[in-house]
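To begin, one chain is listed below as structure tokens, in the form predicted alone.
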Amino acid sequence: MRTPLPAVVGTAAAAALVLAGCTATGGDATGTATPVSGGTLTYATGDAEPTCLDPHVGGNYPQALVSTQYLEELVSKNSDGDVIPWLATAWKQSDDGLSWTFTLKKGVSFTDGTAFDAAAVVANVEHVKDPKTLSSTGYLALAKVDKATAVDAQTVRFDLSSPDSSLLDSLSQPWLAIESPTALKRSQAVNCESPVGTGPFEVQKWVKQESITLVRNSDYTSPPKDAAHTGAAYLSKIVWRFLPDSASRYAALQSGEVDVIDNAQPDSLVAAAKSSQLRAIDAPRPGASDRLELNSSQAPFDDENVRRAFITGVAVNPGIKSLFFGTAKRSYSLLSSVEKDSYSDPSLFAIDTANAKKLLGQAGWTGRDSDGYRTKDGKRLTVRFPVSTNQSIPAERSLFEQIQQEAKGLGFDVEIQQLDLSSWYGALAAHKYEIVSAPYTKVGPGVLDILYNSSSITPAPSGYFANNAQVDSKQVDSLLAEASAEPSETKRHDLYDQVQKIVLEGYYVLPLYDQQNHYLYRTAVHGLRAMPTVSTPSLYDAWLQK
């Protein structure tokens, strides 16, 4: 069955669940208030502080959050999920699907004065694909792009190794945003400190472990087609603070010390709904659902019986209900609910503890040690579960602990390791995991090609590999290749359904819920919105009521 789309969401990730009178844009939803120019907005993030402000390097969500304010993409999406112009005004795919030609917006400059043109786009493609850049998200998104060529100053052509129906989706993401080719010639260390874009703001100062100061680009001329105004941003300055503690972040919002926060916790969302001074935006991220992936390349999850026992023997619904207070809805899909290709089959996840125990016995885990854990050939049924404390909110980490206890009843010894982001990436790279919750944000169903194609078992230059479940299926690979080359949207839907069905029925993945993306802001903030691409906040149209 195909998951129906929530009416307020559509096919894009920017639409908002109304928790406290909010819409997809902040403040005055009717547009009757008159924007005010000037002022400093303070934004407090609970996500990890980036190690590099250039999203080409690595490519995680914390980078996307802040870079949305100073970098721009070739294309964007509107609230209906349609691709719309941004730095590119038009595009055309060749009949064989092996090249795309983009016409670029004229009269645009980077904030260092460099002209935006086809040569700049070529330099960016080369930068992302250069192994020395250590890109992961952008690199994987451009996997089928062989090269970019400047046809003339305002025309660039992408030549592909094979057709890629997801290319426009990929180009709408911050990890493929366009940076000044002049700035890219600097050392990576310098560019990481102050990447240069065409956006409405520019990086002025980064005080690590404290804040980033962004100032208005007074010469800004290139908003996306769906922006609410043209010209320079209203805000004079943005102070982007790092406040990892959720309680402190919410308290700062309540007191007026900050104007906007992300990673709002379930209890804070419930409290904010009762406040006349706060509003909320729920913008689920596109791409994959939040899920547990089981490493099928090594014991014990190389045995499908063991995978199935874990997934059908561990109840997660009670924990989601008690810990998230209705702010998260259980998913049974590999994809986010905002993806129209999301395939769901709840019957696969019906809890049957008795059968789960039977499956473990059939797999040879028949012994028990003194602590009650199952054993086989004298070895305990231990599974390692590294958790990124930067990416998993406290409520989610509590859910993981409940899962740990549920699994103990089956005889699994789930070893949860709470790690910072760098250590977490290291654990995955070294395959020191049997279970992992690895959020992956990408516009469109092409994320399936990144997460479950056997080629994604091979690491990107950064060392990151996306196929954490280690799915190695010729049938899946073939279906994904067919979907990538298929011009018919209807036929692509069917192919992606088949892929999801194989992965779900192979019990490689335990879906949990959409990737949580909650923003809270004060009512004095107007014009805030979540981008319809990867749900990052856009402060271009934002202004402060004085």
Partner chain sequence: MPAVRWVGSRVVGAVVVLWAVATLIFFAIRLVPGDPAEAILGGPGSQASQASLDLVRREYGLDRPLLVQYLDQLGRLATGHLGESYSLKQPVAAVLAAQVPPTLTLAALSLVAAWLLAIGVAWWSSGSGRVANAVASGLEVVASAVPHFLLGSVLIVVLSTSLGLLPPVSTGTASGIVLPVITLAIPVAGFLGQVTRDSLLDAAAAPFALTARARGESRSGVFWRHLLRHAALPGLALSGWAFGSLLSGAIVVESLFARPGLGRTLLDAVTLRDIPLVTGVALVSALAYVLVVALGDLAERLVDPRGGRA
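Residue numbers count along the first chain shown, from 1. Only the largest set of C-alpha atoms that superpose within 1.5 Å between the two forms is called the rigid core. None of the values given here were measured: they were computed from a predicted structure.
Beyond what is shown, the protein has a form predicted in complex with the partner chain; the following relates to that form.
In the predicted bound form, the partner chain lies within 4.5 Å of some heavy atom of D420.
Residue contact with the partner chain in the predicted bound form: P244 places a heavy atom within 4.5 Å of it. Mapping the unseen interface onto this chain, P131 counts among the residues with a heavy atom inside 4.5 Å of the partner chain in the predicted bound form.
Shown alone here, S194 lies farther than 4.5 Å from the partner chain in the predicted bound form, counting heavy atoms only. Checking A153, A350, A430, A189 against the partner chain in the predicted bound form, a heavy atom within 4.5 Å turns up for just one residue: A189.
Residue Y139 is the only one of Y234, W100, Y220, Y139 with a heavy atom lying within 4.5 Å of the partner chain in the predicted bound form. Picking from 376-384, 236-244, 288-296, 83-91 the stretch near the partner chain in the predicted bound form, with a 4.5 Å limit on heavy atoms, gives 236-244. The single residue of 33-51 lying near the partner chain in the predicted bound form is T51, the criterion being any heavy atom within 4.5 Å. In the core-superposed comparison between this form and the one not shown, the C-alpha atom of G97 has shifted by less than 2 angstroms. When the rigid core is held fixed, the Cα atom of A430 travels 2 angstroms or more between this form and the one not shown.
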